[in-house]
Every structure is written in C-alpha cells, then in structure tokens.
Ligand SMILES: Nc1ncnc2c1ncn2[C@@H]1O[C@H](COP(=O)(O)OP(=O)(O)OP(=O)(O)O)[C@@H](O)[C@H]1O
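Coming up is one lone chain in structure tokens, specifically the form predicted alone.
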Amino acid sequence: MIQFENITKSYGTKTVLNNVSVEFSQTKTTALLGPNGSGKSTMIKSILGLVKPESGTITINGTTISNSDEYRQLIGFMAQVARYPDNLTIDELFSMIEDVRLNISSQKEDLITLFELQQHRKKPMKILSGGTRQKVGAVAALMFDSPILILDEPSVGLDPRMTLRLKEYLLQEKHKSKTIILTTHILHEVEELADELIFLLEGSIIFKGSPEYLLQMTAQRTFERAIAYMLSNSPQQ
C-alpha cells in the first residue's frame, strides 16, 4: 500500500500538490485522472523519489520512502516517453537494468515473446520505431514481477493488438495482490482496467471512488460525460 499524508509540492509560486492525503490500495488498479497540469505527474515522481515534497510523508508498506532507496526495488515503472541510451541494443538494455536492480528478471523472456520483440533484440535503440520503443518500455516495467506497477500513458504508440495484450496482462497482474497506478487520457482503458479513480484538479483531489460511483454521483449515462461533468462543475472552476 502507498500512502500520501499531507503532501505539498510547489514549483516557484505554483502549487502542484496541495496538502494531498490519499491511499493506493493493494489488489486494486487506480487510475489517476485530471487535465494537464493537475498534479498527476508530480504524484508519480514523488513516489519514484524524483521529486521531493516540501511537506508531508509518503509511505510504502508502512515505511517512509524518504529514509531509504531500497523501496524502489518494489516498483516497475513505464514512462509515457521512455529515453534509453541510443547505442544499446534491446538485450544490452535489459541486461543493464538487471545489473542496476541486482536481480534477474523472472518474466523477461515471456514478455519479449508477448510483445513480439524477438526479431529486434540485437538492434540498437536508435533505429527502433516509437511503437517498438514503447514495447521495450513495457517489458522493462513488467519483467521483475514487481508488487507495485506505475504506468504513465502506457498505450501511447502501441498498435491496437499490442494495446490489447498489455491490457490483458495488467488484468492478470491485478489478481496477484499488486498495487497498480495508471494514468491515461483514453477513457475506455480506465473503464476496462480501473477499480478506483482519483481525480486531480489544480493539485487537489476532487474525487476518489469507483467508476460506478462516479457515474452515480454525476448522474451521467457515460464515463466520458461524467468526466466532462467533473471538469465543468468543480468548485475550483
């Protein structure tokens, strides 16, 4: 479980997280929603230790993350736009990640097959298409069977077939008592994958609950309309 307690983060005069307290539960996939600049990326970077809040604490399984780097071994992270050394081949990249993690991947070969990367393994990253790079990012995030998965716009650049494979894989992972955090602007992915929604606006949480509860609360027929209602009727608007 990941817990934010009174987290505040600012960049200059702009507050991007405003006294945020929230829990990300095990066995659930939580979708972080909100317009650009709402604080989603800062929440993720705070969990990864890439951003240090001015106040508040973040704990993972009861341990405050500011006291240790070891918790990062528990996380598999898939970035929206992954940047890797251009001269490395796919195999060399995965070996480097295993060296950094001090661990041998338990699922790498299966994932390479799942995302059809076999024929690209000896190719340097600089010649790969955007979609192939995204598949490399998926394998890198998932190959250690991590108990925490954080995926930032994971289907960007993937074709429909690979997107379906990724979604089916994530649905399987959810049943392994994992904490999964997802950001996406593709609303049908949220409907298919998320058990819980956290809606951010201007650094504050304006909704936390199930997709079903969002539809009920907003009295809207579709998920798309419910999201539009939240944006139009927020007290902060």
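When you see a residue number, it is the position in the sequence shown, counting from 1. What you are looking at is a predicted structure, and each value in this text was computed from that prediction instead of being measured.
One more form of this protein exists, namely the form predicted together with the named molecule; it is left out here, but the text below deals with it.
Colleague: Only one of these stretches, 22-30, 207-215, 57-65, 39-47, has heavy atoms within 4.5 Å of the named molecule in the model of the complex; which one is it?
Modeller: In the other structure, the partner sits against 39-47.
Colleague: Find the only residue in 163, 80, 107, 95 having a heavy atom within 4.5 Å of the named molecule in the model of the complex.
Modeller: Of 163, 80, 107, 95, the residue with a heavy atom within 4.5 Å of the named molecule in the model of the complex is 80.
Colleague: Considering the named molecule in the model of the complex, which of 91, 116, 145, 153 comes within 4.5 Å of it through any heavy atom?
Modeller: Filtering the options by heavy-atom distance leaves 153.
Colleague: Using heavy atoms and a 4.5 Å limit, would one call residue 221 a contact residue for the named molecule in the model of the complex?
Modeller: Contact with the named molecule, no.
Colleague: With a 4.5 Å heavy atom cut-off, would you call residue 226 a contact of the named molecule in the model of the complex?
Modeller: Judged by the heavy-atom cut-off of 4.5 Å, residue 226 is well away from the named molecule in the model of the complex.
Colleague: Do heavy atoms from each of 11, 14 and 35 fall within 4.5 Å of the named molecule in the model of the complex?
Modeller: Yes: each residue has a heavy atom within 4.5 Å of the partner.
Colleague: Could you list which residues of 81-96 come within 4.5 Å of the named molecule in the model of the complex, counting heavy atoms only?
Modeller: Counting only heavy atoms within 4.5 Å of the named molecule in the model of the complex, no residue of 81-96 makes contact.
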